[in-house]
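The form predicted on its own is given below as one chain in structure tokens.
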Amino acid sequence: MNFGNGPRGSDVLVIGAGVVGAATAYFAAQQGLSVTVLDKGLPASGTSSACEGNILVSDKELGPELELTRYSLDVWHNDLAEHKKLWEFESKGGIIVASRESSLASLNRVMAVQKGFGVDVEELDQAALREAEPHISREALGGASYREDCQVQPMLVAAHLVRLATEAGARFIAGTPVTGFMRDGAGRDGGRVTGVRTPRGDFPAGAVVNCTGTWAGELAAMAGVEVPVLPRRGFVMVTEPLPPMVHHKVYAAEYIDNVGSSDAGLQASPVVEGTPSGTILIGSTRERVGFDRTVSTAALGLLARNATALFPFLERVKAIRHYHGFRPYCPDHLPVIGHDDRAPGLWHAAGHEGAGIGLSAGTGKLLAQALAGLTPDMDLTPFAPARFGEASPQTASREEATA
């Protein structure tokens, strides 16, 4: 499909080479569109390099996000199946553990509802839980097994999808921050978005896709529209390599409450899993502290205490490093995906919070379908950018002046 943007431009210009941007570029190139990808750094240099690589069904509430999750799983297992080894795809399954009678009762109620919507979940009594995870705490009363939960190495996903996109004809240009938008007219909204401005020059395009993760709100503001994506800091600890000790992604029932919470304060619930290299990843914390990169000893202490409560053997294991990053949080806990009618020509794929790795495959494929003029396999209306209100004339006027 040609957007009529002239000989110098691309059909699609993707801003951001994290996992979501890389997937969008890959699937757009597969649709036969000419694609350019810009990033202020390198692939996966933002949030995608500071997470665990979750592809989870277990922590999703019923509704649009669960529907997108199941669609994305199908894309991972089918459209991207031949590339699984490139990014260490593991169909390891997930287990939610309840250590209180009240938590177990709540978990059983959730499972009953999920089963009614086709989620593959199985109740685990104490014996079955011990069989699945022999080193689990003796305090654990039972749990739920989600066979569909998977894992990838996110930096490898981003790097290889960018490479595969370029092999299909896309261009990738690193070290190129976007400083403004090109517009085709004046007035309240500045006209249609027709490309971006950078220190390396202008890049015209028929469609510009904002895949900048935690910074998506700042980029959207340049075009005079509000996309309230905020940073939510999280820490992960990494242990020394061990023989296989944790066989699934294992987490406490409280994790689901933290995922769905809008609390700005520090929250922590244990998430523990092994990796192919033998190290164990320990999460997870959440807190809204802006882009403060200070290492929080309070957060790391909570991670350690929570993890050892879930798997007591970790008390004797060394943590060799930790890292942290910023999840792109949206107040209504739904990502922003699709064309922004408030700034024609601008599209968004951001705000996935901790589900971005898992949802990236489906998000990229659906957006590529829409960009190619096809009807997407899923209705994107629940994720529409315009749900956040009208464009800001003040911001648009400032951008118009820089253009």
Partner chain sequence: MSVTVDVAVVGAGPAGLAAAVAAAEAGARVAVVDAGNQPGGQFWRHAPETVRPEPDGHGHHGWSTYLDLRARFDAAQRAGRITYLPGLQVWMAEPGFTLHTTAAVAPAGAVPVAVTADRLVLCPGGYDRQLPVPGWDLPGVMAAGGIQAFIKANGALPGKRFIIAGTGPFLLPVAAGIAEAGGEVLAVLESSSPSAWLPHLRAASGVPGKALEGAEYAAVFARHRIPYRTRSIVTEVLGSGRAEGVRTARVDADGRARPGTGRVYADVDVVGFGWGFTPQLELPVSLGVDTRLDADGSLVGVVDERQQSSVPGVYLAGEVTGVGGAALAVLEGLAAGAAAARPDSGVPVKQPAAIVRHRRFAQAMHQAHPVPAAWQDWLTPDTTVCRCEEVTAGDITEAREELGARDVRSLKSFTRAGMGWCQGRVCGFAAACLGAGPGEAPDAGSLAASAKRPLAAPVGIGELAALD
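On a predicted model such as this, the values are computed, not experimentally measured, just so you know. Numbering follows the first chain given and starts at 1.
Below, we refer to the form predicted together with its partner chain, which is not included among the displayed structures.
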(request) Specify the contacting stretch among 276-284, 201-209, 176-184, 114-122, defined as having any heavy atom within 4.5 Å of its partner chain in the predicted bound form. (result) 276-284
(message) Only one of Ser137, Gln153, Ser269, Ser145 gets a heavy atom within 4.5 Å of its partner chain in the predicted bound form. Which one?
(response) Gln153
(request) Quick one: from Glu315, Glu101, Glu218, Asp292, grab the residue that has a heavy atom within 4.5 Å of its partner chain in the predicted bound form. (result) Glu315
(message) Is its partner chain in the predicted bound form close enough to His160, Thr297 and Arg321 that every residue in that trio has a heavy atom within 4.5 angstroms of it?
(response) yes
(request) Using the partner position in the predicted bound form, report whether Ala304 sits within 4.5 Å of its partner chain, counting heavy atoms only. (result) yes
(message) I'd like to know if Met237 sits close to its partner chain in the predicted bound form, meaning any non-hydrogen atom pair within 4.5 angstroms.
(response) yes
(request) Spell out, yes or no, whether the shortest heavy atom distance between Pro43 and its partner chain in the predicted bound form is within 4.5 Å. (result) yes
(message) Taking its partner chain as it sits in the predicted bound form, is Ser34 near enough to touch it, meaning that at least one heavy atom pair lies within 4.5 angstroms?
(response) no
